[in-house]
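A single chain, nothing else alongside it, follows as C-alpha coordinates in the form predicted on its own.
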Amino acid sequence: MNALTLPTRKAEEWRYSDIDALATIWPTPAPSRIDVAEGDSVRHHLLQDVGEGAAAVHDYVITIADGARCDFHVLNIGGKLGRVTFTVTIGSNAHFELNGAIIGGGDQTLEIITSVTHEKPDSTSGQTIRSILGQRATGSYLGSINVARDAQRTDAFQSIKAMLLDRTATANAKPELEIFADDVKCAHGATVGELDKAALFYMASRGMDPATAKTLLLKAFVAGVFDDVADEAVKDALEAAALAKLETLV
(Lines give C-alpha, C1' and ligand atoms only; values in the text may rest on other atoms or scores of the structure.)
Protein backbone atom coordinates (compact mmCIF):
# COMPACT_ATOMS: atom_id res chain seq x y z
CA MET A 1 0.00 0.00 0.00
CA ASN A 2 1.33 3.42 -0.94
CA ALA A 3 2.20 5.48 2.15
CA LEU A 4 -0.17 8.23 0.99
CA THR A 5 -3.10 5.91 0.27
CA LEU A 6 -5.77 5.92 2.97
CA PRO A 7 -6.22 2.35 4.26
CA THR A 8 -9.53 0.54 4.16
CA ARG A 9 -11.13 -2.04 6.43
CA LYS A 10 -10.16 -4.71 3.95
CA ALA A 11 -6.69 -4.59 5.53
CA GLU A 12 -6.64 -6.84 8.60
CA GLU A 13 -4.89 -4.29 10.81
CA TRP A 14 -7.59 -1.68 10.01
CA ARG A 15 -10.64 -3.96 10.17
CA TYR A 16 -12.18 -2.37 13.27
CA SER A 17 -10.87 1.15 12.86
CA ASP A 18 -12.65 4.46 12.25
CA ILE A 19 -11.48 5.29 8.74
CA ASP A 20 -13.50 8.51 8.57
CA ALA A 21 -11.72 9.85 11.66
CA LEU A 22 -8.40 8.64 10.29
CA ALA A 23 -8.98 10.59 7.07
CA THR A 24 -8.98 13.87 9.03
CA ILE A 25 -5.27 13.44 9.91
CA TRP A 26 -4.05 11.40 6.94
CA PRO A 27 -1.24 10.96 6.08
CA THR A 28 0.01 10.34 9.59
CA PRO A 29 3.56 11.22 10.70
CA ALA A 30 6.44 8.81 10.22
CA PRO A 31 6.83 6.23 13.01
CA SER A 32 8.90 7.06 16.06
CA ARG A 33 12.03 4.90 16.20
CA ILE A 34 13.44 3.47 19.40
CA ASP A 35 16.76 1.65 19.08
CA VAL A 36 17.93 -0.03 22.27
CA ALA A 37 21.67 -0.68 22.16
CA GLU A 38 23.26 -3.94 23.22
CA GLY A 39 23.03 -4.42 26.98
CA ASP A 40 20.95 -1.28 27.56
CA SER A 41 17.62 -1.07 29.41
CA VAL A 42 15.08 1.66 28.59
CA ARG A 43 11.60 2.62 29.72
CA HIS A 44 9.02 4.57 27.75
CA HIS A 45 5.40 5.55 28.27
CA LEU A 46 2.56 7.14 26.33
CA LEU A 47 -0.59 8.84 27.58
CA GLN A 48 -2.83 9.12 24.51
CA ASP A 49 -5.43 11.71 25.51
CA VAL A 50 -6.13 13.78 22.40
CA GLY A 51 -9.16 16.08 22.60
CA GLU A 52 -12.74 15.00 22.11
CA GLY A 53 -13.67 14.47 18.44
CA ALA A 54 -10.04 14.49 17.29
CA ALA A 55 -7.92 11.62 16.00
CA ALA A 56 -4.43 10.51 17.00
CA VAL A 57 -2.16 7.81 15.61
CA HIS A 58 1.12 6.90 17.33
CA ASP A 59 3.36 4.41 15.54
CA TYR A 60 6.52 3.00 17.12
CA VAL A 61 9.25 0.94 15.49
CA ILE A 62 11.42 -0.61 18.20
CA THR A 63 14.65 -2.56 17.73
CA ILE A 64 16.09 -4.28 20.80
CA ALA A 65 19.69 -5.45 20.43
CA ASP A 66 21.24 -8.50 22.07
CA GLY A 67 21.06 -8.47 25.85
CA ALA A 68 18.89 -5.33 25.92
CA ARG A 69 15.46 -4.59 27.38
CA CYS A 70 12.59 -2.23 26.59
CA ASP A 71 9.57 -1.63 28.83
CA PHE A 72 6.65 0.39 27.46
CA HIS A 73 3.48 1.54 29.28
CA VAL A 74 0.57 3.02 27.37
CA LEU A 75 -2.78 4.48 28.41
CA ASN A 76 -5.11 5.00 25.44
CA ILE A 77 -8.15 7.10 26.39
CA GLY A 78 -8.54 10.15 24.12
CA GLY A 79 -10.19 11.20 20.89
CA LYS A 80 -12.73 9.84 18.47
CA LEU A 81 -9.92 7.62 17.15
CA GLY A 82 -6.90 6.76 19.26
CA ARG A 83 -4.53 4.25 17.71
CA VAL A 84 -1.14 3.07 19.00
CA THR A 85 0.99 0.58 17.07
CA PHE A 86 4.21 -1.23 17.90
CA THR A 87 6.51 -3.01 15.46
CA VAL A 88 9.19 -4.68 17.56
CA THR A 89 12.26 -6.73 16.68
CA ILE A 90 14.06 -8.54 19.51
CA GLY A 91 17.65 -9.80 19.59
CA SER A 92 19.21 -12.65 21.56
CA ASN A 93 18.83 -12.66 25.37
CA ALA A 94 16.70 -9.52 25.03
CA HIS A 95 13.26 -8.64 26.39
CA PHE A 96 10.27 -6.50 25.42
CA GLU A 97 7.45 -5.74 27.88
CA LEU A 98 4.24 -3.91 26.95
CA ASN A 99 1.64 -3.00 29.55
CA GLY A 100 -1.35 -1.11 28.21
CA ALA A 101 -4.86 0.02 29.10
CA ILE A 102 -7.70 1.14 26.85
CA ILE A 103 -10.56 3.08 28.48
CA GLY A 104 -13.27 4.44 26.20
CA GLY A 105 -16.84 5.66 26.06
CA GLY A 106 -19.20 7.54 23.75
CA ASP A 107 -18.42 6.71 20.11
CA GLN A 108 -14.69 6.33 20.60
CA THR A 109 -12.56 3.85 18.67
CA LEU A 110 -9.39 3.01 20.59
CA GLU A 111 -6.77 0.54 19.35
CA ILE A 112 -3.47 -1.07 20.28
CA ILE A 113 -1.83 -2.98 17.42
CA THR A 114 1.39 -4.96 17.90
CA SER A 115 3.77 -7.06 15.85
CA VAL A 116 6.59 -8.53 17.94
CA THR A 117 9.28 -10.53 16.14
CA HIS A 118 11.76 -12.74 17.95
CA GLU A 119 14.68 -12.97 15.51
CA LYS A 120 17.32 -14.71 17.63
CA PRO A 121 17.51 -17.39 20.35
CA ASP A 122 16.77 -16.96 24.06
CA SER A 123 14.61 -13.84 23.88
CA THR A 124 11.46 -13.08 25.87
CA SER A 125 8.44 -10.79 25.60
CA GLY A 126 5.22 -10.04 27.44
CA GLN A 127 2.12 -8.11 26.43
CA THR A 128 -0.60 -7.31 28.99
CA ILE A 129 -3.61 -5.29 27.83
CA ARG A 130 -6.72 -4.31 29.81
CA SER A 131 -9.75 -2.63 28.20
CA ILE A 132 -12.77 -0.96 29.76
CA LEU A 133 -15.46 0.12 27.32
CA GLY A 134 -18.81 1.82 27.84
CA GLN A 135 -21.66 3.26 25.78
CA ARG A 136 -20.91 2.72 22.05
CA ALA A 137 -17.11 2.61 22.28
CA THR A 138 -14.99 0.12 20.36
CA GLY A 139 -11.72 -1.11 21.80
CA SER A 140 -9.38 -3.35 19.82
CA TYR A 141 -6.19 -5.24 20.46
CA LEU A 142 -4.64 -6.96 17.43
CA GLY A 143 -1.32 -8.47 18.35
CA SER A 144 1.06 -10.95 16.76
CA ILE A 145 4.07 -12.80 18.12
CA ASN A 146 6.35 -13.95 15.32
CA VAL A 147 9.12 -16.45 16.11
CA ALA A 148 11.81 -16.87 13.44
CA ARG A 149 13.30 -20.26 12.60
CA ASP A 150 16.54 -19.50 14.45
CA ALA A 151 14.81 -18.05 17.53
CA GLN A 152 14.97 -21.19 19.66
CA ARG A 153 14.02 -21.03 23.35
CA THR A 154 11.78 -18.00 22.83
CA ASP A 155 9.43 -17.37 25.78
CA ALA A 156 6.54 -15.00 24.99
CA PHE A 157 2.97 -14.33 26.11
CA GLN A 158 -0.05 -12.12 25.47
CA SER A 159 -2.80 -11.48 28.05
CA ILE A 160 -5.87 -9.52 26.94
CA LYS A 161 -8.89 -8.88 29.15
CA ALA A 162 -11.78 -6.55 28.34
CA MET A 163 -14.64 -5.28 30.51
CA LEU A 164 -17.87 -4.10 28.86
CA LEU A 165 -19.98 -1.65 30.85
CA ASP A 166 -22.79 -1.55 28.28
CA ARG A 167 -24.03 -4.09 25.76
CA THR A 168 -23.63 -1.49 23.03
CA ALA A 169 -19.85 -1.39 23.56
CA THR A 170 -17.53 -3.63 21.54
CA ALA A 171 -14.26 -5.33 22.40
CA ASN A 172 -12.12 -6.93 19.71
CA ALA A 173 -9.22 -9.18 20.70
CA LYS A 174 -7.09 -10.97 18.13
CA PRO A 175 -3.88 -12.44 19.57
CA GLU A 176 -1.80 -14.40 17.05
CA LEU A 177 1.21 -16.70 17.14
CA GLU A 178 3.36 -17.45 14.10
CA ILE A 179 6.10 -19.86 15.10
CA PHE A 180 8.81 -21.37 12.90
CA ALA A 181 11.11 -22.60 15.70
CA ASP A 182 10.43 -25.86 17.53
CA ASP A 183 11.78 -25.13 21.05
CA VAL A 184 9.59 -22.31 22.32
CA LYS A 185 7.16 -21.33 25.07
CA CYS A 186 4.45 -19.07 23.66
CA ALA A 187 0.98 -18.47 25.08
CA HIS A 188 -1.92 -16.14 24.65
CA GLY A 189 -5.29 -15.61 26.27
CA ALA A 190 -8.25 -13.29 25.69
CA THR A 191 -11.40 -12.76 27.75
CA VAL A 192 -14.34 -10.36 27.53
CA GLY A 193 -16.70 -9.92 30.48
CA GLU A 194 -18.67 -7.53 32.65
CA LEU A 195 -18.62 -6.33 36.23
CA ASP A 196 -19.27 -8.97 38.88
CA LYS A 197 -22.89 -8.46 39.98
CA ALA A 198 -22.28 -10.34 43.23
CA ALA A 199 -19.41 -8.02 44.12
CA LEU A 200 -21.53 -4.96 43.31
CA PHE A 201 -24.38 -6.31 45.46
CA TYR A 202 -22.01 -6.99 48.35
CA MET A 203 -20.58 -3.47 48.19
CA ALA A 204 -24.08 -1.97 47.99
CA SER A 205 -25.13 -3.99 51.04
CA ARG A 206 -22.30 -2.33 52.95
CA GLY A 207 -23.65 1.11 52.09
CA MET A 208 -21.47 1.97 49.09
CA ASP A 209 -23.16 3.90 46.30
CA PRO A 210 -23.21 2.20 42.87
CA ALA A 211 -20.89 4.67 41.12
CA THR A 212 -18.20 4.35 43.79
CA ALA A 213 -18.50 0.56 43.79
CA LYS A 214 -18.14 0.36 40.01
CA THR A 215 -15.19 2.74 40.01
CA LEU A 216 -13.35 0.71 42.65
CA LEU A 217 -13.85 -2.55 40.78
CA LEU A 218 -12.75 -1.01 37.50
CA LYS A 219 -9.72 0.63 39.09
CA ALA A 220 -8.68 -2.77 40.45
CA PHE A 221 -9.16 -4.30 37.00
CA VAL A 222 -6.54 -2.02 35.39
CA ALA A 223 -4.33 -1.30 38.42
CA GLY A 224 -1.74 -3.97 37.70
CA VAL A 225 -0.95 -2.48 34.30
CA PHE A 226 0.98 0.38 35.89
CA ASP A 227 2.37 -1.33 39.00
CA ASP A 228 5.90 -1.60 37.63
CA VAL A 229 6.26 1.97 36.36
CA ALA A 230 9.59 3.00 37.90
CA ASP A 231 9.07 6.77 37.81
CA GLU A 232 6.56 7.65 40.55
CA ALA A 233 5.54 10.90 38.84
CA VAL A 234 4.77 9.04 35.62
CA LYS A 235 2.91 6.33 37.50
CA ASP A 236 0.80 8.90 39.38
CA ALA A 237 -0.02 10.73 36.13
CA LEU A 238 -1.11 7.54 34.34
CA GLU A 239 -3.20 6.34 37.27
CA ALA A 240 -4.83 9.76 37.74
CA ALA A 241 -5.73 9.97 34.04
CA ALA A 242 -7.14 6.44 34.10
CA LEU A 243 -9.25 7.17 37.18
CA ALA A 244 -10.56 10.43 35.74
CA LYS A 245 -11.61 8.62 32.57
CA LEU A 246 -13.27 5.82 34.53
CA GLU A 247 -15.33 8.33 36.49
CA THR A 248 -16.84 9.64 33.25
CA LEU A 249 -18.11 6.13 32.41
CA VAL A 250 -19.88 5.29 35.66
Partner chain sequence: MLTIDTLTNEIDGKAILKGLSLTINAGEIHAIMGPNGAGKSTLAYTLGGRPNYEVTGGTATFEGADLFDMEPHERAAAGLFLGFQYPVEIPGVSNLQFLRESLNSQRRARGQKELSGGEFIKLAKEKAGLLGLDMEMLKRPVNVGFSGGEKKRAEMVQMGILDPKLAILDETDSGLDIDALKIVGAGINAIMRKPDKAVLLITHYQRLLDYVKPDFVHVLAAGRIVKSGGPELALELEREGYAEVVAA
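Residue numbers count along the first chain shown, from 1. No experiment lies behind these values; they were computed from the predicted model shown.
As for the form predicted together with its partner chain, it is not shown, yet the points below apply to it.
A.B. asks: According to a 4.5 angstroms non-hydrogen atom cut-off, is residue 209 in contact with its partner chain in the model of the complex?
C.D. replies: Yes, residue 209 sits close enough to its partner chain in the model of the complex that at least one of its heavy atoms falls within 4.5 Å.
A.B. asks: Flag residue 26 as yes or no: does it have a non-hydrogen atom within 4.5 angstroms of any non-hydrogen atom of its partner chain in the model of the complex?
C.D. replies: No, residue 26 is distant from the partner.
A.B. asks: Does its partner chain get within 4.5 angstroms of any non-hydrogen atom of residue 30 in the model of the complex?
C.D. replies: So residue 30 does not count as contacting its partner chain.
A.B. asks: Wondering, does residue 187 line up within 4.5 Å of its partner chain in the model of the complex on heavy atoms?
C.D. replies: Although its partner chain is absent here, residue 187 would stay clear of it in the model of the complex, with no heavy atoms inside 4.5 Å.
A.B. asks: Within 4.5 Å, heavy atoms only, which of 181, 42, 203, 34 is in contact with its partner chain in the model of the complex?
C.D. replies: If I apply the 4.5 Å criterion carefully, the residue I get is 203.
A.B. asks: Can you check 60-68, 46-54, 187-195, 213-221 and let me know which stretch has heavy atoms within 4.5 Å of its partner chain in the model of the complex?
C.D. replies: This holds for exactly one stretch, 213-221.
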